[in-house]
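Okay, here we've got a single chain as structure tokens, the form predicted on its own, with questions on binding and movement later.
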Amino acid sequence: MPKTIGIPRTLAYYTFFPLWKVFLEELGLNVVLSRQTNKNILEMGVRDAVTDACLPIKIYHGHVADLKDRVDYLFVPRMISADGRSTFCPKFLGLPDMVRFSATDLPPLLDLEYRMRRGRFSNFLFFQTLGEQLGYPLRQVSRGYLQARRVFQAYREWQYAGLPPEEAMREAESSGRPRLPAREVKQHAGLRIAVVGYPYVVYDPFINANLLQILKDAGCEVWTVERVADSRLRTMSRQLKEDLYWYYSNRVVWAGLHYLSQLDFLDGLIHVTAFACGPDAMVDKLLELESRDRGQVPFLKITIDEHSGDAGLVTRLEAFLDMLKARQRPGLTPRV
């Protein structure tokens, strides 16, 4: 009977899950996801994680607890780098150790170093090592890697076209790459809001009190980090004297600069951040100052933790939208 690999539905899941899932399934393994984040998962995470961990790390521990009795292995890679240019934050780097020493009765962890570099085949070593660890021959590993790369590329293109991660995952696996141009920009009568933040905060509706859906229900057009082309992010990176140290932080800042460079398009910028996130303290201040200096763009910071209430967030968001409506400009299309 094929082994079952458990993948927590949070953190790097929102960026890399299709790559991991397709590869493991091509080897003939069963991939099991933890349940959607909920109150029980949060409570288990708060119980197991160290007290000074940020909310996303606590949530991750809860997803591990949700999975551990249902799988043969837990996939907890040590995330080092995804671009050969920056690293993930220290808690990503130490995640396998935090999980191993905080939780009990765990199945074996697949905790290889995930140190990606540029180039079509430069990332193959990780998958080769993972396949060898699970006992699969090189030919099968190579075939699985190539298929995973194809689906992953389609996934990134669907995200760029505007689909949220889980919908983009389904489209990538079922229909491959988008058949139409990557994005079809239309005139939009509502507010145009850029929502920037780490994907595991922006796209998890439990953590952020369903922020994206609230904006869409209010008639807003929402633009996220994933809707900015990588080439454009690299262009924006040259506006700073130096990169930040952290992969996700760089992407958030560069995407924020991209949207702030289009003042005729943008109505407002929202930065979603988790309480006690060290890198985000720098990211948030940088975005706030850039919003002020680039034409006084309305800026809202939403900070979430395990004690955040939906009512307070909704009230702040409604007040922000009311303010934006008073100064809304005619609809224009963005440069992409």
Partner chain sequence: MKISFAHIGYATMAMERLLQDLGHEVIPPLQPTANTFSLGAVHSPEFACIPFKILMGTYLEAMERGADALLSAGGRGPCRAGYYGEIHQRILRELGHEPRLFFFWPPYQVPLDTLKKLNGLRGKTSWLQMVRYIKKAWKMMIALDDLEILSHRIRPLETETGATSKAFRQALGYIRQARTLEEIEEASIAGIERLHQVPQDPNREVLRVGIVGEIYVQIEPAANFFLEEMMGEMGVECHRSIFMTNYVRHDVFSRHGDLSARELAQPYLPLNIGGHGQNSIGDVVRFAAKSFDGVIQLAPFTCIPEIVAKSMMPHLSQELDIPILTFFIDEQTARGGVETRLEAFVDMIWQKRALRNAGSRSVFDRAKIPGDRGLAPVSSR
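What you are looking at is a predicted structure, and each value in this text was computed from that prediction instead of being measured. Residue numbers count along the first chain shown, from 1.
Same protein, other form: the form predicted in complex with its partner chain, not shown, and the subject of what follows.
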Answer option from 110, 71, 260, 93, heavy atom within 4.5 Å of its partner chain in the predicted bound form: 93
Contact residue in the predicted bound form, from 47, 285, 35, 39 (heavy atom within 4.5 Å of its partner chain): 285
Residue 125, heavy atom within 4.5 angstroms of its partner chain in the predicted bound form: no
Residue 28, heavy atom within 4.5 angstroms of its partner chain in the predicted bound form: no
Contact of residue 290 with its partner chain in the predicted bound form (heavy atom, 4.5 Å): yes
Its partner chain contact in the predicted bound form: residue 296, any heavy atom under 4.5 Å: no
In the predicted bound form, segment of 79-87, 210-218, 135-143, 157-165 with a heavy atom within 4.5 Å of its partner chain: 79-87
Residues within 4.5 Å of its partner chain in the predicted bound form, restricted to 51-75 and counted by heavy atom: 51, 52, 53
